[in-house]
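One chain is shown next in structure tokens, namely the form predicted on its own.
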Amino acid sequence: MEILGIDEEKVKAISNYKEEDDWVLKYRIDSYKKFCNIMMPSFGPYIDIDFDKIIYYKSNDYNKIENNWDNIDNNIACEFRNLGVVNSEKNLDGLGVQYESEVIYHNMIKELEEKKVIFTSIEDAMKKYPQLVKKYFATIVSNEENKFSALNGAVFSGGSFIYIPPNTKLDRPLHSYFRINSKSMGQFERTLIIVDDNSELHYVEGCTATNYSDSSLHAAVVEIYVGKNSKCRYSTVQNWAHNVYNLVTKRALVEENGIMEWIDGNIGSKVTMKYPSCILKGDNAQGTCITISVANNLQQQDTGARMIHLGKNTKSNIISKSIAKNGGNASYRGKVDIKDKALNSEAIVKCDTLILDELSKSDTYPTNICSNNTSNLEHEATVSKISPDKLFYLMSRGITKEKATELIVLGFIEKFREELPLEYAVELNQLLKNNIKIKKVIKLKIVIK
């Protein structure tokens, strides 16, 4: 089944095909109406999308989630095997794989089932655990948040649902992988994670797409609830192809003594606009966001984070690392808002940019608000080029200029790499090496409208 273009009847067709309850269809229709009325973002990179030429839903003739990899279509299985996805499962507690619009594979080890952990697709959760989903779904990210959260609400398909019961800690991460493989494809996964009181979760997400001349669209929504005394870490390394608009809304609500950590890597895409957020609702809640963005070959990476302090004694930490090369634009856009009742709170923002040539650029757009005089907010920013002295030192030891540049860049993003699981840190190293290879650059006059 394939749905090209969008209108109310096509939104209904997606819901009917999935055999959804009336409350889900009602939410989709409401979201579609909001999508039609909300304007495109008035900030950030220029977005040129013909919504009538996007494929909003695509799946195989059968709508079934496998738990045995041997049952997956051989062509699809080979594709993921070449990407290294299957091999990573042995290092993880559970694995979910989405291909185009549907989750095609899900597997959990027996230990998770014994702990009563729920890890499935969002559609499966809506059918099996409707009351639990209704309690949290669309309460952290509204369908009128922005045009793309509204679009996601209308046509969402696939994505993960995770519930960690109270007093439960997982020793290894859960993992999902998302793949776009069709021309002009849109992927609109919806992820909902609930980490109940006194529990811990580490969730790892990977994303890739095949490169086509026509633009594709990835507009996901992620909602995370972190209960009292709980901790959630959400790690992402996206390597979308250079024809993908990556426009994502991610937000977490953190209760008393809770900890939320976003580890966010952006290597690919044509345009990325992504600002993981924490609402620090409870007293002593903490939020951290560590991001790395690499803009190469005229890519525009508009990334950052948002921290909203509501509770007393809350703490937030934003570390943003950006690398720009070959006319790329790696920009930081963030917001820290310490409210008047968030007494004795602390926020630290550190933005560092490494520009590798004269064609590239980086902009910083910080919004920092502190509404009480008992709190502290710090912001640091640096923009630099690779030091000739450092290059000379390394090259004097017999290291080539290309290898020396690579070592300096890897050192620049060390804080981000050390927060990733080992297999993802290795993957990140390889992606960065491929993106920072020194080439002869022809100087051009670039005009960005």
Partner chain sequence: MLSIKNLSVATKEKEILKNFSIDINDGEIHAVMGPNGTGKSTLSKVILGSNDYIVTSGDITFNNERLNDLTTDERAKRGIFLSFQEPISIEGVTNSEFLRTAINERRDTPIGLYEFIKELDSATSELEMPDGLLHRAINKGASGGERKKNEILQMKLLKPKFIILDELDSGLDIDSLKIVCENINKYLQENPKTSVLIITHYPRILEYIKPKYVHILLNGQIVKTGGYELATEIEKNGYSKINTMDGKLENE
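Computed from a predicted structure; not experimentally measured. Numbering follows the first chain given and starts at 1.
Another form exists, predicted in complex with the partner chain; not displayed. Remarks below refer to it.
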- [ ] Find the only residue in Ile29, Ile49, Val383, Ile408 having a heavy atom within 4.5 Å of the partner chain in the predicted complex.
- [x] Ile408
- [ ] State yes or no: in the predicted complex, is some non-hydrogen atom of Tyr393 no more than 4.5 angstroms from a non-hydrogen atom of the partner chain?
- [x] yes
Task: 4.5 angstroms heavy atom contact with the partner chain in the predicted complex for Asn37 - done: no
- [ ] Look up in the predicted complex whether Lys403 has a non-hydrogen atom within 4.5 angstroms of the partner chain, and give yes or no.
- [x] yes
- [ ] Please run the contact check for Lys321 against the partner chain in the predicted complex: heavy atoms, 4.5 angstroms, yes or no?
- [x] yes
- [ ] Between 13-37 and the partner chain in the predicted complex, list the residues on our side with a heavy atom within 4.5 Å.
- [x] none
